[in-house]
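Only one chain is included here, represented as structure tokens and corresponding to the form predicted on its own.
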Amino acid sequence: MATPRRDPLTLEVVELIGTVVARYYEEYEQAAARHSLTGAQARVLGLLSLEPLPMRGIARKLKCEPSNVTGIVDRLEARGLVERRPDPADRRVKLAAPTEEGRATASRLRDSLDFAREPLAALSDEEREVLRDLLKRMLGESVL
């Protein structure tokens, strides 16, 4: 097992990553609240705006228990932002999918998130690509 790096540069990078993550979540929570959503509801709605997913798929992407997701989807469904529908590939499975209002809300929520977008806009395309590739490498994802 590799010894963790504790040099000043590594510690500074870890601290900066932590600060970025904390600021992102703080802004995300504030943006969600402006739409009368919790942060968790906003994250689920954002995921579903990309593609309908089964509860298990949502839980996997959010790294939480499916039972937690069920309650979140129930509340989004009660507000008319999400609906459950049969999976065309397996009718025994229910997919959570955004309604038109859910897609519109997810879009407005995404548009209101300035923290990540504004600093990234100051970077060139090449710098953003390098940052993306480094983050993917840190996460163990392949970089093309």
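Remember, predicted model here, so these are calculated numbers, not experimental data. Residues carry their position along the shown sequence, with the first being 1.
This protein has a second form, the form predicted in complex with the DNA, left out of what is shown; the following refers to that one.
- Proximity to the DNA in the predicted complex, taken as a non-hydrogen atom within 4.5 angstroms, holds for one residue of Thr99, Ser112, Gln30, Asn68, which is Asn68.
- For Thr38, a non-hydrogen atom is located within 4.5 Å of the DNA in the predicted complex, even though that partner is not displayed.
- None of the heavy atoms of Ala104 is located within 4.5 Å of the DNA in the predicted complex.
- Among heavy atoms of Lys61, none comes within 4.5 Å of the DNA in the predicted complex.
- Contact annotation for Pro52: none of its heavy atoms lies within 4.5 Å of the DNA in the predicted complex.
- Within 4.5 angstroms of the DNA in the predicted complex, the stretch 87 to 111 places a non-hydrogen atom from each of Asp90, Arg91, Arg92, Val93, Lys94, taken in sequence order.
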